[in-house]
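For reference, the chain that follows is the form predicted alone, supplied as structure tokens.
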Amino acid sequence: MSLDNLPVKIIGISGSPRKGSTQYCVQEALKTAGEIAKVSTEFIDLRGKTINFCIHCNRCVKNGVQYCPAFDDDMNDFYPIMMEGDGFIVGSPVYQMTVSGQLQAFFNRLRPIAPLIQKGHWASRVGGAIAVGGTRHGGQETTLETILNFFFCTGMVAVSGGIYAYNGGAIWSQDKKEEGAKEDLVGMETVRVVARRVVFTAKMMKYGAEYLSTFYDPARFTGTEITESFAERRKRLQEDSR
């Protein structure tokens, strides 16, 4: 069966608190992804959203719920969407050479779905990163690294922007918002490459994992196999954190 006939859903996340270049870049990436056969997309815009800091109360985990009981804010709208994605394209403006506070809070607040992540829910999911800086070399690579680290922590497979964009899509906006991003022709091409690589890899991972699961124990190859020694160590860590 051709990859063209296999459906996947790609979620785009803009971590900027304002309307501008990051929002434009993520939407452009989703546009590129949507041009590929059998690809549906959804856009999460953190601009204007109320996302409180995670206080690590663990009520979500203890109660076995996939939402946050501690806060009734906009974050609870995003959990179902995040569970539906086969691939993720995450963009952030550069704030002091890393991601925005809004995006970091978003990452931290994904705690309610941690039990599913530990069972390998995202082990066959794919992530690509985009960073937008006001200067040419103003922290795009370190911002991309933070986003990639999020993918690694959740067990996802992360893709680059190809052999000419090692970490992902990097854009120089010249602090001119959307207009500046459009003028960076090289940077915008890295955004489109990230989108295509996320889609291509997501299709291979999703349907390849389904095929291989009939021959191999998925837990062994996704790193989610729980050995007795690991289970004991995790229990001790949980008790120490109380």
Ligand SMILES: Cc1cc2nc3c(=O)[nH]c(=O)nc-3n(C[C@H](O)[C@H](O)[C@H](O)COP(=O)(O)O)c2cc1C
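Computed from a prediction, not measured in an experiment: that's the story for all the values here. Residue numbers here begin at 1 and follow the sequence given.
One more form of this protein should be noted, the form predicted together with the named molecule, which is absent from this view; the next part is about it.
Looking at L110, you'd find every heavy atom of it more than 4.5 angstroms from the named molecule in the predicted complex. Remark: G162 does not count among the residues lining the named molecule in the predicted complex, judged by a heavy atom distance of 4.5 Å or less.
The named molecule in the predicted complex is not approached by G87, whose heavy atoms all lie more than 4.5 angstroms from it.
Residue contact check for F78: none of its heavy atoms lie within 4.5 Å of the named molecule in the predicted complex. In short, of 31-39, 174-182, 199-207, 65-73 it is 174-182 that has heavy atoms within 4.5 Å of the named molecule in the predicted complex. Taking a 4.5 Å heavy atom cutoff to the named molecule in the predicted complex, the contacting residues in 84-98 are P93, V94, Y95, Q96, M97.
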